[in-house]
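The chain below stands alone and is given as structure tokens, in the form predicted alone.
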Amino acid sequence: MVIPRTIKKAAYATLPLAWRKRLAMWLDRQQWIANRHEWSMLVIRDWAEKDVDAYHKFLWSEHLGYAKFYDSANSFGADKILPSRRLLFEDLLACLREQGLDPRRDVKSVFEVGCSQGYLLRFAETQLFPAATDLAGIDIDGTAIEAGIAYLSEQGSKIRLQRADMSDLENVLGEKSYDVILCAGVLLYLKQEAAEEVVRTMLRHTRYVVAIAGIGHPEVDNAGLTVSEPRAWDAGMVHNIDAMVEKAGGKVLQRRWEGAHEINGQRIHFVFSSGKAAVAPLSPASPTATR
């Protein structure tokens, strides 16, 4: 939606942010308004320039704007998993096998940061890791968590979902470690310093592999970025995830960057890292470290 810059500036200057946040929530509920979800983002878009983390947290926690777009693009069922996520899982399985692990036998626990309703966890449970008995995820979007809990309960799933902010990930995980931690399309909603802390926490609590999907830079391999850059349309952050892993003391095991090429509208940047929960690598026959 193209709105003249002068009109946007006038609106931002005239109405306090607190009022515009309430307006965003009201607009999102008005089904008679065309493009209401875009409008709900637009009326507070200047907030992203001042505090990008708070901007994204508000939209997700209130289930506004792109949270609604995400609902329409995702649903349960192996045949509904987006191609970009299928590619992520293919690379994850290859990475696990490179470590001498049998994904179907040796992965006993999976945790997802930013799980929405639990689509990817359910796919992992039913299609990838049949030996997994401990599957859990968190998301700040309470609407998505409630819907996911209801659906998964009906299916008799072992997956546990919890509403929580990834900024509180250390407290959520506590003393637990997981064989695999997933973080797909989530770090883009954090500025660089906050994203680095989430990466550091995931590494501390992962036994085998942390699988991270971010936004691919269209021109420069993300590994060459010196600072994170905002994406124009939604202020999503384009990160150098490789550097974050290395800064946290992890090791990049495998990665994928595909430049301007898009898969279901996403530019690909995947990073797979070894976790730090295990003191030393274990053979596939050894028990897992999940506690």
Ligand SMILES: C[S@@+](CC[C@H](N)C(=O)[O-])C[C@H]1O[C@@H](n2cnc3c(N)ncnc32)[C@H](O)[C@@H]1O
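Everything numeric here is computed off the predicted structure, so don't read it as measured data. From 1 onward, residues are counted along the sequence shown.
The form predicted together with this ligand is left out here; the points below concern that form.
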Legend entry - 4.5 Å heavy atom contact with this ligand in the predicted complex for all of 60, 120 and 139: yes
Inset, instruction - Check each of 165, 134, 197, 170 and return the one that places a heavy atom within 4.5 angstroms of this ligand in the predicted complex. - result: 165
Legend entry - The single option of 101, 124, 186, 152 touching this ligand in the predicted complex, heavy atom within 4.5 Å: 186
Inset, instruction - Mind telling me which stretch in 173-181, 203-211, 139-147, 217-225 gets its heavy atoms within 4.5 Å of this ligand in the predicted complex? - result: 139-147
Inset, instruction - Indicate whether residue 116 is a 4.5 Å heavy atom neighbour of this ligand in the predicted complex. - result: yes
Inset, instruction - Determine the residues of 84-114 with a heavy atom within 4.5 Å of this ligand in the predicted complex and present them in sequence order; the list may be empty. - result: 85, 112, 114
